[in-house]
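Next up: just one chain, as structure tokens, the form predicted alone.
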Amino acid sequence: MLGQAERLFELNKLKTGPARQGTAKVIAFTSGKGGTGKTFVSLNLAYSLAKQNKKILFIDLDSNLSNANIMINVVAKKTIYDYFTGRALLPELVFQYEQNLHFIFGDSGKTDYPKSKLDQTEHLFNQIHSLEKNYDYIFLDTGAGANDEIISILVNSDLSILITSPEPTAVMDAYVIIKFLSNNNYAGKKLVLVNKCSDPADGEATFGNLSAAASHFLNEKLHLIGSLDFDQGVGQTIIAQELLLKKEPGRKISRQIIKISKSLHEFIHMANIHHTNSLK
């Protein structure tokens, strides 16, 4: 283990590391409110991409109310808490769940967590970027809400995926997130995934309402990456601490997740090509 002085040296070295290449690798998942299924969706999308031979690092940044490790039935020996309290560098926290799917877990119930981690966001993302060469995508699962810490994480990400549902409160909270991103001049793409729909038309109508409001009031363009049906089986797999896609890959919602994961990869691939061409 490194001493604190050595850790500070490593952090400063990472901070002055090479410039980023402009490709979208760091993807943040947010929802505005709890109960939209954000962690369930992001975990299963990560697993789907891993099964498509993409290497994924999933970082649970719901720093003191985390549940990703619980949902996959893993006891986390080291967590993001160790990073924020100076006990470990980010690479030391990586847990290999499967060959193509690695995790950095969050923690819960700590009473001595730093009250504000905003001043550590730059260092955090320097370390995240230092890990990019090892992965195709890095997923960041943020906490529910729209506090300064969450907005800072989103603003520093290459791409944000807003998980919402047809509930009016969920749509309004997603709009608030978009407004905060707009106010902070966020330059990344904003994708929307509508969860817990009664049918595909329900998802399209929900996105239509959110997109119209974002366009009219904020001049923001959103992209619908897909929708997922409401499925009673989701709750059963969460209780059983199993990934739905791993346990029941043939289920309708599993097929929808796989389709969305392919759409996400294609969207990013095309965005990266466009970015590369614009630099020529």
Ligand SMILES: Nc1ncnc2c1ncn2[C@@H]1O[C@H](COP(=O)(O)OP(=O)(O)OP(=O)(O)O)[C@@H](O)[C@H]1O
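In this text, all values refer to a predicted model and were calculated from it rather than measured experimentally. For every residue, the number given is its place in the sequence shown, counted from 1.
There is another form of this protein, the form predicted together with this ligand, and it is not shown here; the text below is about that form.
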- Query: Any chance all of Gln127, Asp158 and Ile268 sit within 4.5 Å of this ligand in the model of the complex, going by non-hydrogen atoms?
  - Reply: no
- Out of 195-203, 73-81, 177-185, 146-154, where are the residues with a heavy atom within 4.5 Å of this ligand in the model of the complex? 195-203
- Query: With the partner left out of view, is Val234 within 4.5 angstroms of this ligand in the model of the complex by any non-hydrogen atom?
  - Reply: yes
- Task: Using the partner position in the model of the complex, report whether Gly226 sits within 4.5 Å of this ligand, counting heavy atoms only.
- Result: no
- Query: How about Phe230: is it within 4.5 Å of this ligand in the model of the complex, going by heavy atoms?
  - Reply: yes
- Message: If we define contact as a non-hydrogen atom of the residue within 4.5 angstroms of the partner, is Glu220 a contact of this ligand in the model of the complex?
- Response: no
